[in-house]
Structures are given as structure tokens and as C-alpha cells.
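Let's start with one chain on its own, the form predicted on its own, as C-alpha cells.
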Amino acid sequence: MEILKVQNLTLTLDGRKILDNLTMSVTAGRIHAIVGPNGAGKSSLAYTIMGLEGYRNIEGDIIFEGESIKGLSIDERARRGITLAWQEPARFEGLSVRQFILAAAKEKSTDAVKQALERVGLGPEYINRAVDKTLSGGERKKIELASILAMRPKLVMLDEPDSGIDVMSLENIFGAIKYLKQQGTTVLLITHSPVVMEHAEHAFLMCRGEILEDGPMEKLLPYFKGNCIPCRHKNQPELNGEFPI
């Protein structure tokens, strides 16, 4: 079943097309990856779906659970079950980890906070820590993911979920992503890491604001071996539709 459909989406910022007539369909209850080179528009696509300030003046449409959300604010989209985890998580001065996680949690209990933290590899000693500069980037990333686990959204977009995460903690992150799926959440992983992509079932390849290809993860994994898919990029060699090596 389709949970999200992006139709002919065009986003122009400062006179430059960031998303160019982009169309994609996201199946519910699966882990998807959006991959592509830096500057392809991956994060901009997530910001546009989320409805962030500066990413609302678009052409085309965004359909979520069969209804257009193009005119909805970020808060309204969040209430419908859409959320976004940033590549660089925000700091919230004055909030404890407990308060931060409980703010949008389905179950308002300390046990729910502890369970969410445990799933991302953090102990109960973090509950009363402040979400501020005393936390490392990796710790804030885990706490943000813990808040999403407690939130149980319908659709979550994770922007570079491995960014700032040490190798020892990666399995906690991947375990949390798998748990989101088990809870019925549809996951969009925005990444340029083959290690992250391998945890997806389906993938979209972006370049220059377009979806060039999509299909099972295994179909698009060769992209990370230095291969390209034919596109209109000025540096794309003439290869008659073949993958360059």
C-alpha cells in the first residue's frame, strides 16, 4: 500500500531548481533509502515533504495517505504522523532528555523513556541530562532517534542516520531502524553510505533533483562501486545506456 506519493515536484531556491519535476512512490511499512551524490537534492526533498520554512513554495503535489498535504504547516504534517530526524540534531537548552522524549511520546511514562534510550544504546543515567552542548553530536543523534521511537510516527525521514555515530554504536542505530519497521513505521533513509543502504529493502537514486532509478536495494547498490546511471548531467559520458566502471 502506498503511504506517500510525490507528484511532479519542483522546488526552486534562489533561481536554481533544487527539485526538478520529481515523482516517487513510497510503499507503507518498508525501509527505503534515498541515495545520490552531494548536492543531488536528497535533504531538500525531505525538507519539502516535512514542509520546512523556505521549502513550501513548490510546484506539483505531495500526497500522504491519499490526501494532499501541500498546503499544510509543519505542525499539521507532524500531527498526521510525519517526522524528520536531522543530520545535525538541534540542542534544546533548558530541556532534560526525559522532557524532550516525552514531548511527543505516545506513552507518557518514565519506563517508555528508558526503553527508547535502551534501544539506541543509552542507559537510564541520561534521563536527567540536559539536551545541550554537554552532549556530543553522537549522543544527541541517539536521543533524537529515541524520541522518534517513543513517538511511533507513520513516516520518518532519517537524514544521514550514521553521521557522528561511532562504529560500536552503529548496530544500535540499525536495530532501532528495524524496530521502527516492526512497529509499522515507514522509514526513509537519506544516505550516501552503502552500509546504511544495505539495511533498506528498496532504494531511490537521485541526481540533480530527479529520481533516476528505483527498485530493490540490491539493484542500486552498484552505485557505490563508482558506477553511474545515465542522466542529463554535463559530466555524464556517452555510454549508450551502459553503466560506466
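Since we're looking at a predicted model, the values are computed, not measured. All residue numbers are counted from 1 along the displayed sequence.
The same protein also exists as the form predicted together with a small molecule; that form is not shown, yet it is the one meant from here on.
Across the proposed site, Asp14, Asn38 and Glu160 without exception bring a heavy atom within 4.5 Å of the small molecule in the predicted bound form. This chain appears without its partner; in the predicted bound form, the one residue of Lys178, Arg56, Arg30, His192 with a heavy atom within 4.5 Å of the small molecule is His192. Residue contact check for Ile18: one or more of its heavy atoms lie within 4.5 Å of the small molecule in the predicted bound form. Of the heavy atoms in Ser43, some are within 4.5 Å of the small molecule in the predicted bound form. Exactly one of the stretches 194 to 202, 65 to 73, 43 to 51, 210 to 218 approaches the small molecule in the predicted bound form with heavy atoms within 4.5 Å, and it is 43 to 51.
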